[in-house]
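One chain follows as structure tokens, the form predicted alone.
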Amino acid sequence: MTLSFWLTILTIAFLLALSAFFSGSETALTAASRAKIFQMANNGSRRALLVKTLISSRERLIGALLLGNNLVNILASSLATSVLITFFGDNGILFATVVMTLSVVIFSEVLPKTWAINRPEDFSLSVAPLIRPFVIILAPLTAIIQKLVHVLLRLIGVRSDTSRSGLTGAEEVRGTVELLHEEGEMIKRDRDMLGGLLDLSELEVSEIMVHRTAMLTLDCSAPTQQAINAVLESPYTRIPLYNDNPDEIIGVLHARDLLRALIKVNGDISKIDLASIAREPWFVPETTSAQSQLNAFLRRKSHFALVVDEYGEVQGIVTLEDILEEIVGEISDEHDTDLEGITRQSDGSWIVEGSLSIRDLNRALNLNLPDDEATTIAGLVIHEAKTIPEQGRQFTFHGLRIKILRKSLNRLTKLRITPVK
């Protein structure tokens, strides 16, 4: 065997190594976590900054790597064919096809891509300095190829928009959280907290407010002693005030302000004017997002707002605690009263209040009931039944059997929920 033969064999081996390099680089750079790379770049890693720059123009990067990979594969196959034809004549084409297919698949595709997919960030940081000049050199050629590809896609009716991604950043984070929980790397409570934080922008204050039917309000025209007794017995520190008409809130009484006023008059209740010590009420539209309201609470350093509809009528109250509970779950302190909500039965069913919100029920029982059409479990039953069901009626939907246990007028007050096996 001549020297040229061995040089050709070495060249083929070198080209296969280059092919493995391009294949592994493509897999690593496309599989690398953008969040990890971004964090490493912020921490001062120059190679991470280089990787961040490369993957920011993913189409150009992949075009250059595929171009280089195909060039070396075709050249290696051509050289192998010429060598084997010399030894085996026309049968050398068949031998070259078999040998090069096995070599490319094993050594230039499966092996480097398996290596890269197991350590995408480390692999990316290692190859980025070598890939960058290659991408720059091939940039004009890849740009022409990209233009041609876009023209062909338009001819067949496919629009390519490189500026758009299939998922938003919030959806990607949500998917990551769900995946970590499913794989056992994140407990349910942490998943619920992160999910609640992501949901704030999609929630309106009308979905988390305390409805007007459950509001505690005081009539400032009533005897002062009666109002003070109500404040002392209440678990709340802020109570809306009205004058004769409960629908017209004139202020918000803070228990601390009432205490200060009592001290100033040496406990003489007859000198207390509730309306004069009440704070100006803050009204917010019911369509305000929970995220915007949270920002408004922080900006105004306030904890309490009255929710009104488009006609200016009070629909309920929303507090900073209500929004925080959407993130961290129910917050209780020594002054909170125990409210009936969910009671587990020995047969595996649950007795729940009809006024319980769907979000709280989903979080407590790890369910996935929709909350697009209704905010409470009673509202969901009415929506699914398309009517206001009578006491004793039973329905099955979303994998649950729900029975109406108690009804007051048109309100479903107590339900039994049983999972359908």
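Residues carry their position along the shown sequence, with the first being 1. Quick caveat: nothing in here was measured; it's all calculated off a predicted structure.
Absent from the display: the form predicted together with a small molecule. The rest refers to it.
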Within 4.5 Å of the small molecule in the model of the complex, counting heavy atoms only, one of 69-77, 199-207, 239-247, 271-279 shows up; tell me which. 239-247
Tell me, which of Leu111, Ala214, Ala143, Val265 has a heavy atom within 4.5 angstroms of the small molecule in the model of the complex? Ala214
I need to confirm a contact call. Of Glu171, Asp122, Glu321, Glu178, which residue comes within 4.5 Å of the small molecule in the model of the complex, counting heavy atoms only? Glu321
Phe304 within 4.5 Å of the small molecule in the model of the complex, heavy atoms: yes
Is Pro235 near the small molecule? Define near as a heavy atom within 4.5 Å, in the model of the complex. yes
Although the small molecule is absent from this view, report whether Ala128 comes within 4.5 Å of it in the model of the complex, heavy atoms only. no
Examine Ile317 and determine whether its closest non-hydrogen atom to the small molecule in the model of the complex is within 4.5 angstroms. yes
